[in-house]
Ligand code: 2HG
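Only one chain comes next, encoded as structure tokens, the form predicted alone.
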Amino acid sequence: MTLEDDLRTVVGDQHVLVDPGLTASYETDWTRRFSGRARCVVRPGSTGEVAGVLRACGVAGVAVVPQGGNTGLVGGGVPVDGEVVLSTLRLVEIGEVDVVAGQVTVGAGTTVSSLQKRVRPLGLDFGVDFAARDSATIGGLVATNAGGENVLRYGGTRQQVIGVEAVLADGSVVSRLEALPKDNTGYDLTGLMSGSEGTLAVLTAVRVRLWPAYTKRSVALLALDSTSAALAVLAALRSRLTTLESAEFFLADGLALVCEHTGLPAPIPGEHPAYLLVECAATQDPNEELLEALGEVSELVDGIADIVVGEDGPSRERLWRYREAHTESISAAGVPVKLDVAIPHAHLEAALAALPEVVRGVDPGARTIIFGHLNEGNLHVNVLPGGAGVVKTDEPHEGYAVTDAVLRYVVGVGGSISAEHGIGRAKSEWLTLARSAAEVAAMRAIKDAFDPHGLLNPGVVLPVADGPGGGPSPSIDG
């Protein structure tokens, strides 16, 4: 019997995909930059089936790439060369909501929007949200420790995770879905799984923390003369608003691209260097509180050119559209190199000016669009290649030189090479730039303990000896 035969015995014939027409969507990520070849795609429907799949692959010595909604940005969820892709999209059960404790257990394949629809009628909400909510899965969020738009108020995904159920490489199941608010029994395996990017185990279920649902919202978009002014505004608003939930920023060139792509009019007359979008949420209408705070801040902070406020649902959605349409507008213009980094606030304005020049140093014709989450100094650096860069023969892909230049600059100013998207294969070579040899050795020891034969997502997170990114690099188009 072949491995495929064994897998069919575990999950059923219809859930083992081998036809290229059926596997193609699992083999390329949504950015269109990372792609590879899968031996097959297997879609287990339970924890027991996941365990059976991993045991079968272990016996065959075939590596496994866990995949959720395939919305990752660092190549960590697509195959390279003949691995089995294990899709969690059938693991969608949502358990009974514990309204008193504010908790619920969900299958790893549950999307963010599905969870939101389940708990919001009960007066509760999930603390992580972003534009990919309809396709991003809870398991994927935990695997990458995703951030999103609400980190300012709730923290990242790791702060939302109370317990996990996961299958180790040998098929054994680790289940820590207990809901006790105080439990100091042994090592924090739940925390270890958060951000492990499928290299330690396959997540099958997650118990998440829920928050009170704030149905009353108010949004303001500020046009500013500089990023420094945006930071000063944010600091002043944080001290005045207990309801502040989001603080997103973008720049003039990004706004112009969004307006060009969507046909939207400019939200504020004139062109301004920086824009800050803030949202408040509460059980009572926060609009008056926001307006009062904005009035005070306008008197205190120089560099505020104009402010527009969205008080009702349609106007709030229109203002958010200018921020959330950045990703689709950039992708419509080409296939970008996407780099998610964090910069200390003290260096943020200088970094926003320097990064386009850093990129042009290796690709003179490149176009760099930057936006992100201001409170965390989290920049999404999107580079549309100009085609004029010099690619060395030993560079594994076209975006290598841009990635190398940007990440080295970021580390040089004390920043992080990955703020919320993970390391994946795209940044594994640069892990040693950001982490000491002792830290990397500790990570390797953990990986070896959980996956001694290296069958779970090989080449993701940790660099390997035989080349950047973990063996053969996934092909990168554009």
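These numbers were taken from a predicted model, which means no experiment stands behind them. So that there is no doubt, residue numbering starts at 1 and follows the sequence shown.
One more form of this protein should be noted, the form predicted in complex with the ligand, which is absent from this view; the next part is about it.
Exercise for review: Go through 449-457, 61-69, 32-40, 414-422 and give me the stretch that gets within 4.5 Å of the ligand in the predicted complex, heavy atoms only.
Suggested key: It is the stretch 414-422.
Review point. Does the ligand come within 4.5 Å of any heavy atom of N382 in the predicted complex?
Key: Close contact exists here: in the predicted complex, N382 approaches the ligand to within 4.5 Å, heavy atoms only.
Check your understanding: Taking 4.5 angstroms as the cut-off for heavy atoms, does K338 touch the ligand in the predicted complex?
Key -> Contact check for K338: yes, within 4.5 Å of the ligand in the predicted complex.
Review point. Is F371 close enough to the ligand in the predicted complex to count, meaning some heavy atom within 4.5 Å?
Key: Judged by the heavy-atom cut-off of 4.5 Å, F371 is in contact with the ligand in the predicted complex.
Point to revise | Partner proximity in the predicted complex: A136 to the ligand, non-hydrogen atom cutoff 4.5 Å | key: Looking in the predicted complex, residue contacts with the ligand do not include A136, since no heavy atom lies within 4.5 Å.
Point to revise | The single option of V208, L73, L224, V151 touching the ligand in the predicted complex, heavy atom within 4.5 Å | key: The residue in contact is L73.
Review point. Of T243, N145, T327, Q103, which residue is found within 4.5 angstroms of the ligand in the predicted complex when only non-hydrogen atoms are counted?
Key: Looking at the other structure, the residue within range turns out to be T327.
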